[in-house]
Every structure is written in structure tokens, then in C-alpha cells.
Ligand code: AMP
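Encoded as C-alpha cells, the following chain is the form predicted on its own, with no partner shown.
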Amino acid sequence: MYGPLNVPRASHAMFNRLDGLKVCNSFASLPENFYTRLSPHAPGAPHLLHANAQVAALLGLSEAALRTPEFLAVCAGQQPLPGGQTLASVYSGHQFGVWAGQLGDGRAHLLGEVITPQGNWEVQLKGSGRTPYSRMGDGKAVLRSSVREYLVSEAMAGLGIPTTRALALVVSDDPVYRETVETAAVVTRVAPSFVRFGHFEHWARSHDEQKALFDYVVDRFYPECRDPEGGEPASDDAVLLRFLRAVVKRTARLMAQWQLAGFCHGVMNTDNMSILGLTIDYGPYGFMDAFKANHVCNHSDTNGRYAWNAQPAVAHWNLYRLASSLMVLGADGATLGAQIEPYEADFLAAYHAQAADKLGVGAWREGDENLLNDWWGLLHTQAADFTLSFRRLARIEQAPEAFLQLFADQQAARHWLTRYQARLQQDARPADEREQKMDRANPLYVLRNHLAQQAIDAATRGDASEIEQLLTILRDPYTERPGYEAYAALPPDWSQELSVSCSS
């Protein structure tokens, strides 16, 4: 099944075949110890469950291309991307706060890089077989987690949160052994780059390799870091510090977006942190239903290291690990650390600006922090629904009861509302204008666990219609759609039994 036909027209040529694309693999230009060249291991009797026409258009592929045998063969790992060079990259990292040593693409294969006038997109398969970096893993991905990644990639894009994207979902009846026996799947995902903090950590003791990686990333993604200073070329030290500062800003902004979407990543290891500030490596993620400040979405995270309220601090810690790995290039720890010190201010600036939009207030003012903190406290003590509480707050004048019914203690909610409405009066903004602004900042639809599970159940039967339904609303989660009321409702009781873990 394919994405909707009303795909925005691409601003570049569209090709009906993959061999019409202009393809390279710039990562393969790095020294050979950065990766291993190898072919994927395609699952048996693969078939295409869904292809994303909107992402295909970004690459320059028409919908006709998605129906070709060649497209299935490439996305299943049966044949290479024409013009590409298939490889798996090596990296290292800290996992749950502990140095894990060498890691790498244990079940992923980078096929190549599609060159477009709007930028380049790397194409990667996930679940495509063992690599030298699999560390006892089977190199496979299960249908359950693959559907979840396929959907959330597009859900995050719809929310305006930087993310990898999903191009195709291929399924097979091959058995995969996790807690139970499941079936195999391969996700084709795309991003400008899949380079992580962990790539830099891997070369923390190797100057030449670290310099090669650093120059590659800066030249391709942070060229402004080389801008001249006072008419003179920027020094190596200046470029290094500018680069780290830019990564800090992107990471801080991403964390603010996660927090205010109620999104929990689940496994914020350094090898899962994008050097471009993207959300990558979706495993046991979750959007909160009932709000809990210390909500843990990952069943494997028994100590709650990656709880919702810990995510900004974890990202800060991860940035220090990145900075430590850059010391091999000649900068001292104190100088590098100074580039990370503004992280909290960067985070709060983005957080407050977005929170003001979500609350429907004007520019952030003194005292708004207390109002917001007490809002979180109210949601936490009442276990109120994260998404609907914000959405219904926009209509507090005309539908107060719909808002209040989300709270067990309505008196506590009314007490906070009194303060909130006093704050609104300071802006003197018309109610309809405020409501429209809040509706643009507060989604009505998010990828709740039970909605993802319904899509998984249907996909298990070979039915992609629920995936298509979800993509329809998640691509524009702010616009209410008649007939989709069930997708905006409170989760059913059975959803409380759903859990996700690192085995996903």
C-alpha cells in the first residue's frame, strides 16, 4: 500500500526508477577503518507493506517508482541502491551511563546518499542482517518495532521535531526470536546523516581519524564554522569550538521540543544522539498519555535513567562525553566545556518560547515559570492526559467542562485556571486569536501506544490500512478531522498493559 496521492509537488525532477537518481556515498570517502563494506541479508519472501510517497518525493522518486520490483528489492536488501556503496559503520558509546566500548551498525546498512537540489539524503536499511558490529545480535528487526519506527518518524516530522524519516516498510514471515517468536521486517529510513556522538567517541584516542571525521562533518553540515574571522581564515581551534557550540544549540532545542510534546525517547545513549540534532534510533519510545513527570517509557530502564524529566540533563551529560572525545584534536577540557555551559540557557530559551505558544500567552514574562511549573504539578498529581489537557485548555471559555473532566480534583484545576486566566488578561488578546495560536502549537493527534499497537495488529494480518490512517492524521496533527474522533480520544484501559523495551 502506498502513501496518499496528494503529495506536494517536488521542486526537482521526479524519477520513475531508482537508477534515475543521482547517488553517491560520501561516508565511504572516509578511511576504511570507519566502516565495513558488505551486503545486507534479505529476509525470505519479502513484500512491501507500505511505501511513503511523501518521503519518496524528497528523494526525487515518483509514486510509480514505489511500485517497481527494483524498489522492493533495494528496500529488502536483495540488491544495492544503484550508484551506492553499501556499508555498516563503526562507533562506540556510553549506554545507560556506562562506557560500552565498540558498537556500530549491528543491524543497519547504509546504502548510499541521494543527491537532490534541496540537499542530500542518506538511505539506510534497519533490520537487514548481521554486520561485524552485531555483538551477538541476530541483525534482524521485528515487525512490531518496525511499524512503530515507521510511524513515529512521520509523526515527529508532522510535529516539526527534527527526525530521521521513513521511506518503506518491508515484511517477511521469517521468524525472529525475542521474548516470543515474531516475524521479520526491514525499515528503509533516510536522513541527511546518521553520524552520532558515538562516532566521535570511537576515535577519542586517534587524532588522525578524529580529524578526518571532524572535517567530514563540518564541511558537509556545519560549513559556517569555517567562516573567516576579521578577514582571516578561522583557526582550527575556532572551528572546533564553533562546531561544538552549534551542536549544543541544536541538542538543547531538540530537548525542549521533546519535553513539550510529551515525548520520551527511552534509550538516550550517546550512540543514539545525532550530531545534527535529529531524533534517531526509535526503540522503546513513547508519547505520554496520563502525565507523570518521572514517566519511564522503556520497560528495560529499571532505574529510570531516561525518564521524561531527566531527558534534558541526560543530553547535557552526553554533550560532555562528546566534548571529551574532541580533546584529541588539541583543545583542553576547560575550553571545550565552556562551549557547553550555555546549554541550560539555550534549552530554557527554546523551552519558554514553545511553552508560551502552548499556553497561548504572549512573550514569556517573569512569573510564567511558576505558572508552568504548577501546571506540570497539576497534571502530575491528577494524572491528566498530556495531549488533551493542552488542547482543551485552548477552549476553556466555551467548553470548560471538557477541560475539567480530565482532572479527578476539579477544584485544584479551577484554582490553577484562575491564575491562568489572570495571566491571559495581561496580554489582552482576543480569545479566538489565542485559540488559533494554541491549536497550532498543541496537537490533537499523537502516536499513542494503543494506536501504534492497532496498526501493528493489522500489519500482522498483512493489512496496512491502519498505518495509512495514522499517517493521514499524524502528518498534520494540529488539524481536527471529522471521522477521526477515536484517534483523539483518551486511551482505552487495555493500553495500560502495553510495554516496550530495548528488545523492541
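Quantities reported herein were computed from a predicted structural model and do not represent experimental measurements. Don't overthink the numbering: it's just position in the shown sequence, from 1.
Same protein, other form: the form predicted in complex with the ligand, not shown, and the subject of what follows.
The putative spot formed by Q95, R107 and R178 is fully lined by the ligand in the model of the complex; each residue has a non-hydrogen atom within 4.5 angstroms of it. The closest heavy atom approach of N272 to the ligand in the model of the complex falls within 4.5 Å. In the model of the complex, the ligand sits within 4.5 Å of a heavy atom of S134.
Within this chain, G139 lines the site of the ligand in the model of the complex, having a heavy atom no more than 4.5 Å away. Residue contact with the ligand in the model of the complex: V267 places a heavy atom within 4.5 Å of it. Of the listed positions (V195, L143, L103, A307), a single one reaches within 4.5 angstroms of the ligand by any non-hydrogen atom in the model of the complex, namely L103. Y91 is the sole member of F291, F407, Y351, Y91 with a non-hydrogen atom lying within 4.5 angstroms of the ligand in the model of the complex. With the partner left out here, the ligand still marks one of 226-234, 386-394, 95-103, 255-263 in the model of the complex; by a 4.5 Å heavy atom cut-off that stretch is 95-103.
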